[in-house]
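Quick heads-up: it's one chain on its own, the form predicted on its own, in structure tokens.
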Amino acid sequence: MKRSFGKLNDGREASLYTITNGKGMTVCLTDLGATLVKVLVPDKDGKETDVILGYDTAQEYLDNGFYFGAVIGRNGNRIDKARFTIDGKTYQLAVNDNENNLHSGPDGFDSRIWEVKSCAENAVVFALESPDGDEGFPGNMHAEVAYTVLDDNTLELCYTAESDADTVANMTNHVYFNLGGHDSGSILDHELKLATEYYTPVIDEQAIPTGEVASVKGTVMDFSAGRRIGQDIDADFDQLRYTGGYDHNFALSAKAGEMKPMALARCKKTGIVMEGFTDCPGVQFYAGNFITPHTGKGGAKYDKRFGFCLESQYYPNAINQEGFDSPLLKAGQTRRSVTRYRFSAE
């Protein structure tokens, strides 16, 4: 189903698409940024609950700048000094996060109107043409994101990218979850388990990884057995001080391409459980440390740590770090990646 999602200040028209599996799960998306707007799932009492932060109109997504539910491209996360080198040529990107590039720049894929290639009852496919030099990246890239609602209340995101020149391809989605409902306040009581014992520490407040893949054991970064998000988020630990709380990449495997567990989160109040799976090598766990007070969907009040992100990805700054699996996409090849979020109630 398609309907208007409002006109943007620059005159562009945005649309809203609704897909469902007919078994209790409904997802709403807009062609602005190929963005997730609503994810409705049943709680332990069968009550329909919207578990992601968002807005009622398209323009609000551009006005607020938190990337709620948006596809990030061509590269998610940070690139050190906003530059990288391919085949001896250095490419300069926008500097928009301290000295670095974050989420590709101020005019990323999240701010574009995507073409809708197809829309069925349970799936929608968005496509985007990114020209050579777009945001500073080389090559003409064709990107697609397919969203599918599966019968077991799984939301599947499938990304594909092709380019006519070697380039960076590391798309992700910046959806903010709150399993108590988007309007339920803090996520600090959520329990989170990450399917790894390793993460990539950052050097300082710039949040660029040191290059090390370190063990979480014996530290407040250890979510391998599960813990409340808020249990140690304000601990006197250098990694948390640097980033104002959890905002780190966790290493799921050394190489991309194999589907594997990513995370498990639950909210006791609603009984909603979310399991994450991906074929990406890493996941950025961000606890919403820098959400500022403002109004979201239906007049809901959003604030610091009212949503958390699990962004499947290549490691931050991987294009510049030889020890990390590379997000380089070779000319003429196709990059495909799948991430799934499966919902249930207990």
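For clarity, every value in this text was computed on a predicted model and none was experimentally measured. One rule holds for the numbers: they count along the sequence shown, beginning at 1.
Keep in mind the form predicted together with a small molecule is missing from the figure; the text below concerns it.
The shortest heavy atom separation between residue 159 and the small molecule in the predicted bound form exceeds 4.5 Å. Taking the partner from elsewhere, residue 67 is found to have a heavy atom lying within 4.5 Å of the small molecule in the predicted bound form. At a distance threshold of 4.5 angstroms between non-hydrogen atoms, residue 232 is out of contact with the small molecule in the predicted bound form.
For residue 311, a non-hydrogen atom is located within 4.5 Å of the small molecule in the predicted bound form, even though that partner is not displayed. For the three residues 78, 103 and 286, a heavy atom within 4.5 Å of the small molecule turns up in the predicted bound form in every case. Considering the small molecule in the predicted bound form, the lone stretch of 189-197, 120-128, 170-178, 261-269 in range is 170-178 [heavy atom distance within 4.5 Å].
Just one of 144, 247, 166, 183 comes within 4.5 Å of the small molecule in the predicted bound form, counting any heavy atom, and that one is 247.
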